[in-house]
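Next up: just one chain, as structure tokens, the form predicted on its own.
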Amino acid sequence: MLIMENVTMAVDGDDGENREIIHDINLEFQPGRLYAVTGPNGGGKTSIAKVIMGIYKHSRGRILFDGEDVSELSVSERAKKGIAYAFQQPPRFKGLTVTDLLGIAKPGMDNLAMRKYLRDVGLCPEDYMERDVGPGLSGGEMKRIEIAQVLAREARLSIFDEPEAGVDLWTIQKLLGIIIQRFKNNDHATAVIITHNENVLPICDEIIVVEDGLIKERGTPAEIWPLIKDDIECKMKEQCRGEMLYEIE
């Protein structure tokens, strides 16, 4: 579905020096599979996702989507091809309602379908459909609304950047169930989840560890979890002390 070939992204630092953020990334995402991208903060996970979406421009290499080189396409052009992205910190749009946003995600979607997507992410439609998507909503509420948008788009490739951030444990469980149902063994769709969350990693078919802008490890949860378990559990204890929902054997 999507292939990254020797993709490198460099930016100019404050000192004027050109600095590579990600280095010669080679990845392939296949339909019907869930991929987790994890690793230390600042390691390049989100940069890889934003390069795929076209938010960041890579300086070397190419990106193929369904066999087509999309390296020079804009964000909107890639979206039309079937790539969707849910930000770690969703943007706010004062003056637009939740209904407006869902309508943009999937033009022509009826009211009943909108209500279903909001319920899927744990929001009561009656309380949210006419709410302004501005400063009056919490970060967690915005996160759920954006995930509802991405699900409504029914894109070929959906990227979720830390979907659990700012979301309660019950909603995480519900979202995981929806993602499994939507993407697992679906020959027409793929999900890439950027996460540190020990509740999310076990459900994925493959875990990709990114550190210092490089792919350090990749494999099944059973192969990768022993290598990252201590760091992930330590991070989770610091953040929320949540109990694991799944065990990896």
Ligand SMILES: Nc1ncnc2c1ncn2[C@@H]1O[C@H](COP(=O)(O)OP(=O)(O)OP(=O)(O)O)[C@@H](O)[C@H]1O
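Not measured: the values here are computed from a predicted model. From 1 onward, residues are counted along the sequence shown.
Absent from the display: the form predicted in complex with the ligand. The rest refers to it.
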> Counting only non-hydrogen atoms, which stretch in 178-186, 58-66, 38-46, 200-208 is within 4.5 Å of the ligand in the predicted complex?
Replying inline: 38-46
> Closest heavy atom of Arg19 to the ligand in the predicted complex, within 4.5 Å or not?
Replying inline: yes
>> When the contact criterion is heavy atoms within 4.5 Å, does Glu141 count as touching the ligand in the predicted complex?
In response: no
> Looking at the partner-bound form in the predicted complex, is Thr97 within 4.5 Å of the ligand by any heavy atom?
Replying inline: no
> Does Glu164 reach the ligand in the predicted complex if we count a contact as any heavy atom within 4.5 Å?
Replying inline: no
>> Taking a heavy atom within 4.5 Å as contact, would all three of Ile3, Lys106 and Thr190 count as contacting the ligand in the predicted complex?
In response: no
>> Residue by residue through 75-95, which ones have a non-hydrogen atom no more than 4.5 angstroms from the ligand in the predicted complex?
In response: Gln88
